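So this first bit is one chain, no partners, the form predicted alone, shown in C-alpha cells.
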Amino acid sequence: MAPAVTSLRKERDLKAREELILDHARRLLAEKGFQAWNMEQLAVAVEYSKGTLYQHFSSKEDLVLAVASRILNLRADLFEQAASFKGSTREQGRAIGLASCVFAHRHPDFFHIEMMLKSASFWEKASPERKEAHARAGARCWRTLYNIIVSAIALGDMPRLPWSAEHATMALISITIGSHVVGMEHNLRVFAGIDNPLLSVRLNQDLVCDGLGWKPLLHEHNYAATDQRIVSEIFPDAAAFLIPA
C-alpha cells in the first residue's frame, strides 16, 4: 500500500477515535458535570487506554475545551446559515437571534460548559492549540453578527452614535448569552414570571436592538411575519418551539 494512502487512513482513524472520545466526554459532562468523572472512566467508556486519551488531549480540561469548541462551531454554523436570510439588516440580525434559540434548544448543556470555561484555573490547564481552536470558533459567531451590524450602520439602518459596531455586537452577544444562562435558573424564571425562556431571550434581543436604534424598530414592522419566513426558509424543523401556538 502506498505511503500516502497509509497516512490518509491513519489520519482518518485518529480523527474517528478523537470524535468517539469527544462524544463520550460530552455524555459524561451532561450526566455528571465536570467533577464527578475522570479520564479512567472515560477510557473504559471508549474502550481505549488512558494513555491513548492523552495522545489526543493533554488534560481533562483540554478535552472539555475541545468538546466546547466542537459545540461552538455548531453555533457558528447556525449563525452563518441565518445570515443568508434575504431581508433588512435588522431582519438578518433577528434571524441570528432565532438561530441562537435553535442552538440553545439543541445544545442546552453548552451554557453550563461555557460558564465553567471562564474559570482561570480551568483555562490554564488547556493547551495553546485547544485555546486557539476555541477562539476561532467564537470568532466565527462574532464575525457573522458583526458583519451584519457593519452593514446596518453603512446603510443607515443603525445610527452612527457614540458606540462602535464592536460595542453593538458585544451588547447583543452579552444579552443573548446572559439571557440563556439566567433562563436555566428555575428560581429566577419564577421571580420574573417567565414561562418560555426562549421567548424571553428574543424579547431581550429586541429591547437591545431598539435601544441601538436599529431600524425598523419593533413597533414599526410586522416581525411576527418575518419570524414565520425565517423559520420556514431557514429553520423549518424548529417551528414547534420557535413559533408559539
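The numbering used is simple: start at 1 and walk along the sequence shown. Everything numeric here is computed off the predicted structure, so don't read it as measured data.
The discussion below concerns the form predicted together with a further copy of the same chain, not included here.
- Figure note: of the listed segments 198 to 206, 63 to 71, 50 to 58, 37 to 45, the one touching a further copy of the same chain in the predicted complex, with heavy atoms no more than 4.5 Å away, is 198 to 206.
- By the criterion of a heavy atom within 4.5 Å, residue 216 is excluded from the residues contacting a further copy of the same chain in the predicted complex.
- a further copy of the same chain is not drawn, but in the predicted complex it has a heavy atom within 4.5 Å of residue 167.
- Residue 135 belongs to the set of residues with a heavy atom inside 4.5 Å of a further copy of the same chain in the predicted complex.
- Taking the partner from elsewhere, residue 127 is found to have every heavy atom lying beyond 4.5 Å of a further copy of the same chain in the predicted complex.
- Only one of the listed residues (83, 153, 171, 76) places a non-hydrogen atom within 4.5 angstroms of a further copy of the same chain in the predicted complex, and that residue is 171.
- Taking a further copy of the same chain as positioned in the predicted complex, the residues of 182 to 219 that bring a heavy atom within 4.5 Å of it are, in sequence order, 182, 183, 184, 185, 187, 188, 191, 192, 194, 200, 203, 204, 207, 208, 210, 211, 212.
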